[in-house]
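In the block that follows, a single chain appears as structure tokens, in the form predicted on its own.
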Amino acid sequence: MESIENRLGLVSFTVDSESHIKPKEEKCDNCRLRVCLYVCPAKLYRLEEGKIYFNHEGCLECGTCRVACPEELEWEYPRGGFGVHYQFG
């Protein structure tokens, strides 16, 4: 079985300047669980000096953060033509 790193090498992205995920900054800063830091397979959430930062580039659009977030962050699929493009092979 191929490793996840090799499989992700087959994925390409068309990055939109507008994020399709909008964390609620005030709620994120006060969140005690911070599950997004652990559940995102692309590791797009990071903690720096007690503040959570998010980068939408490289999002796999799996919805894991949407399901796990206790604060119900705003999550939509990217606009048409943008986002992740899976390649099989």
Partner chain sequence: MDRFDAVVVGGGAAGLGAAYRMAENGLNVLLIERGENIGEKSVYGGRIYSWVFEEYVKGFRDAPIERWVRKERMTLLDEKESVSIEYSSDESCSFVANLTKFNRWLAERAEDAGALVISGIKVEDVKLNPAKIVADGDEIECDAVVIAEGVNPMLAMRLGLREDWKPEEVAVGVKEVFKLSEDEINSRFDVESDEGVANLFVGYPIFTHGGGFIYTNKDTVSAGVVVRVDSAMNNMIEVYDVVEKFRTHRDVAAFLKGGSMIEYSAHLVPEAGIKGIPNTLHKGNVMIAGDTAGFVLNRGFTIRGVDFAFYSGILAADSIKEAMDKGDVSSAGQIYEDKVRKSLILRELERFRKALDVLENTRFFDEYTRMMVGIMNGIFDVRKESNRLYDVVMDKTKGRKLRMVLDLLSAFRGL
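From a predicted model like this one, the values you see are computed outputs, not experimental measurements. Positions refer to the first chain, counted from 1. Throughout, rigid core stands for the largest set of C-alpha atoms superposing within 1.5 Å between the two forms.
Beyond what is shown, the protein has a form predicted together with its partner chain; the following relates to that form.
The partner is absent here, but in the predicted bound form a heavy atom of 76, alone among 25, 18, 71, 76, sits within 4.5 Å of its partner chain. Residue contact with its partner chain in the predicted bound form: residue 60 places a heavy atom within 4.5 Å of it. The closest non-hydrogen atom of residue 53 lies beyond 4.5 Å of its partner chain in the predicted bound form. Mapping the unseen interface onto this chain, residue 40 counts among the residues with a heavy atom inside 4.5 Å of its partner chain in the predicted bound form. Heavy atoms of residue 35 reach within 4.5 Å of its partner chain in the predicted bound form, making it an interface residue. Relative to the superposed rigid core, residue 15 undergoes a CA displacement smaller than 2 Å between the shown form and the other one.
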